[in-house]
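The form predicted on its own is given below as one chain in structure tokens.
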Amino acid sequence: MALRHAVLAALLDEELSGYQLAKAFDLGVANFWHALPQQLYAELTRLEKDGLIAGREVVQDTRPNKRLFTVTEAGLAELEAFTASVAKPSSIRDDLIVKVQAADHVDPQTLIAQLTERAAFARAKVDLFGGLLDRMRGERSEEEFLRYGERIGPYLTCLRGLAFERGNRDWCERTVAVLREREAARATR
């Protein structure tokens, strides 16, 4: 997957400015694709040049003018081709996991501190995703929303982000407990 596909997918529902796109990435898309704002602006320029999005200038009286972007038919065709291509399995690349791999040879307190911090981050993301899911679903049950909702793609990707962060939280908390138990056992020897 390239950044272009993530940007095209983020622009499917409405016209967005570069700033709004960056905000949308922070809230929804970032759980599966991270990009810096300057990367997004550069990608918008390339996508427009390639005819995959169309931009229009909006004149504003009290602020600088802005450009709003929307996906073109060619952009939809690009997404269709991307969707039809074989998806590569994902893999984890995480420096904290490498550090835990070395747990038997490094200071466990350093790992415990980093794992505790990561668990707190994951808990905050779990809360964020839970709130996003509630807002998307509105008054409907999850089953009803998934069966009859107009646009379920963002909801499904948010569910994946929620599961991912719950997994991170649980693993970090379990690893901290194991490291503490091992330290306590060593202290009583």
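In case it trips you up, residue 1 is the first one in the sequence shown, and so on. Note that the coordinates shown come from a computational prediction; the quantities given were computed from them, not determined experimentally.
Beyond the structure shown, there is the form predicted in complex with the DNA, which is absent from this document and is the topic of what follows.
Student: Identify, from the list F121, Y155, F164, W33, the residue with a heavy atom within 4.5 Å of the DNA in the predicted complex.
Tutor: Contact residue from the list: W33.
Student: Even though the partner isn't displayed, in the predicted complex is R160 close enough to the DNA, meaning a heavy atom within 4.5 Å?
Tutor: Although the DNA is absent here, R160 would stay clear of it in the predicted complex, with no heavy atoms inside 4.5 Å.
Student: According to a 4.5 angstroms non-hydrogen atom cut-off, is Y41 in contact with the DNA in the predicted complex?
Tutor: Yes, Y41 is a contact residue.
Student: Heavy atom to heavy atom, is R67 within 4.5 Å of the DNA in the predicted complex?
Tutor: Answer yes; at least one heavy atom of R67 falls within 4.5 Å of the DNA in the predicted complex.
Student: Would R180 count as touching the DNA in the predicted complex under a 4.5 Å heavy atom rule?
Tutor: Taking the distances in the predicted complex, the answer for R180 is no, it never comes within 4.5 Å of the DNA.
Student: Is the DNA in the predicted complex near all of Y19, R63 and K88, within 4.5 Å of a heavy atom of each?
Tutor: Answer is yes for this spot.
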